[in-house]
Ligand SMILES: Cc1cc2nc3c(=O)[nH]c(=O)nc-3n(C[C@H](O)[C@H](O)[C@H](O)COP(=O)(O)O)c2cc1C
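This document opens with one chain alone, in structure tokens, the form predicted alone.
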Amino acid sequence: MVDLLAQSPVRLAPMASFTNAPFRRIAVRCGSGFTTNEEIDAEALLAGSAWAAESARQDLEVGPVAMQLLGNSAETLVPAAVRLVEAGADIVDINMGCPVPKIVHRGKGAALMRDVAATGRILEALRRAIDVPLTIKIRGGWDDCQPNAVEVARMAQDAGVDAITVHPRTRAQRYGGRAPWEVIAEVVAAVDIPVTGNGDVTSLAEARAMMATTGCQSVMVGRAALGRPWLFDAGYESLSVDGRAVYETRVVGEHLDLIEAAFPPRTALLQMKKHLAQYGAGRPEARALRAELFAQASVEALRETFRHQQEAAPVG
């Protein structure tokens, strides 16, 4: 696990509805280390959900892949983890950080940080059941009254977890305010297993700053990578303006090709619209472009719309 993290110091974070196989593959091509899939609900996977089963397929994946599970009991997480290992997961990651109300209200995601002892028993059961690295992703705590990232990290280490990712905001903060990197440093100081930092990193330079400031071994980048997967490429910044435009055009085209190959036409069209809107975000005409993209009824029309906009102003 330590070697794998050393080889992948900056990588794409999992984000529901965005980090499917085509986007993960593009991120890897741009320089991300190993990637983590969108969270898979353990109950849905065991119940035979087509979406969950499809999420567990890695036929488009390159390099090592971590598969992330969402759940609240050993009864569902253990068999689901075993199934993911059988499907080819190199790492099983347990989501203990999702702050979305519909998730935490069911005792999943960040809610697992509230009962440390009970969660410890779940992690121990998972450790006994699988023979690949077991990792977790946590937050700074449930809220300002329960900032227990260090306690949870120590428990996880004792339970046999191999590495921890820390997003330092609490569940109550969600994505608001500044991410307090000092929480990551506190976790690093408290455990002997590798720690990955996450939160408010928008460039390779900021990722290096997080590692230098906190002592974490690697960094995950989430929202900043949407529409900018070249963020992971150390050579991108050295390119000329024209060179960047060529690079971006190639990446967007490859991404669209991967989406079209991975999904049936209707799903592919929706995925393309979502990602093309991200590629166009930040430009003065972004709102108009988004409206035009979502008005298109075919993949061909969508590609043509974005191509015209890209010729007028490169996406970067």
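Here the structure is a predicted model, which means the values were calculated and not measured. In case it trips you up, residue 1 is the first one in the sequence shown, and so on.
Omitted from view is the form predicted in complex with this ligand, to which the following refers.
With the partner omitted here, the stretch from 111 to 119, 143 to 151, 215 to 223, 125 to 133 that lies within 4.5 Å of this ligand by heavy atoms in the predicted bound form is 215 to 223. Though the partner is left out of this view, Ala21 does not reach within 4.5 Å of this ligand in the predicted bound form, counting heavy atoms only.
Taking the partner from the other structure, this ligand in the predicted bound form has no heavy atom within 4.5 Å of any heavy atom of Asp41. Under a 4.5 angstroms non-hydrogen atom cutoff, this ligand in the predicted bound form lacks Ala301 among its neighbouring residues.
Using a 4.5 angstroms limit between non-hydrogen atoms, Gln68 touches this ligand in the predicted bound form.
Counting a residue when any of its non-hydrogen atoms is within 4.5 Å of this ligand in the predicted bound form, the hits in 8 to 35 run Ala13, Pro14, Met15, Ala16, Phe18.
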